[in-house]
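Listed next as structure tokens is one chain, alone, in the form predicted alone.
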């Protein structure tokens, strides 16, 4: 039995045990890893993520009333709310679901009551977008039970608003969109301004590794944290440079006007401007089947995130360095918002097993932290699976 089958079987059993019934619908919503293009999405720039074969599953059946009863299997908690009388609570997985419900209510889409169970195999707070997967799973189930057509791009935007307005995380569109429209064996170049997308087939002889450092940002993640600070610095740079967003700024223009910017704000802007260039080039070299060129761009991205944007950590730097030191690795970088979580590497597939074993061992020896390295496949976006 593969990993996804294991989770889907588990959620069926938990649903039966919790509600003494079978679910009528099960949805799978994938997490994502961003290959390159970090902190560019909220600057109207370019990103190159792929949906991964780790996901959140949501099993549900309708109720006769409007009550939404949700059991979160991975946390062993149960939450109940009514979409007509939503109130914010402490930071918890259910707040993402309430946020989506609030957007449905705002758009005058009535969510029927339901009994539900969530389960998944995406590492939490690792930078792999378990929150966006929660949101898209909820949106897909709500649409099915409300009997309205599934419009993935519309629902990705709705889920983003839920996270911005309800949860308070001022994220861009990338995480929700890739979870909604990812395709098997493909990375997705997203223009975060127009939402135009380009699917790019990954080379068949390359394995993508997500490398969980076992470290997490303390407190409540990136909400009300350095993420918001970085975003404000980017907006300040765009204001001073008189461009709509840093996406509209060339490197030559930035350099010509660097004296107008505070040195720290200049470095933040330099990361975003060069990262957009790297992301567009990455799509080109992947399409040309050149993983070595892709790896070089990933290495440059990490350096920019480490020194200009300052969102890496010693653990992330160590993981990326160890990955790059392995002969079969083309390149590695931190991925996600930063301050802990995961790095990503692309590796010759024939060396994947040795890479996984050696890098994990060296990392644990150096930091006395046990990491998790996952060989990931590019996955399809949110989907219904047999209940």
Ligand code: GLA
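On a predicted model such as this, the values are computed, not experimentally measured, just so you know. Numbering follows the first chain given and starts at 1.
Beyond the structure shown, there is the form predicted in complex with the ligand, which is absent from this document and is the topic of what follows.
With the ligand left out here, work out from 319 to 327, 22 to 30, 64 to 72, 335 to 343 which stretch has heavy atoms within 4.5 Å of it in the predicted complex. Partner-contacting stretch among the options: 335 to 343.
Under a 4.5 angstroms heavy atom criterion, identify the one residue in 227, 209, 104, 266 near the ligand in the predicted complex. Selected option: 227.
Only one of 202, 171, 122, 114 comes within 4.5 Å of the ligand in the predicted complex by heavy atoms, so just point that one out. It is 171.
Would you check, heavy atoms only and a 4.5 Å threshold, whether residue 54 touches the ligand in the predicted complex? Residue-level check for residue 54: no, no contact with the ligand.
With the cut-off set at 4.5 Å between non-hydrogen atoms, does residue 45 touch the ligand in the predicted complex? So residue 45 does not count as contacting the ligand.
Answer for residue 362 alone: is it within 4.5 Å of the ligand in the predicted complex, judged on heavy atom distances? Flag for residue 362 set to no.
How about residue 37: is it within 4.5 Å of the ligand in the predicted complex, going by heavy atoms? Yes - in the predicted complex, heavy atoms of residue 37 and the ligand come within 4.5 Å of each other.
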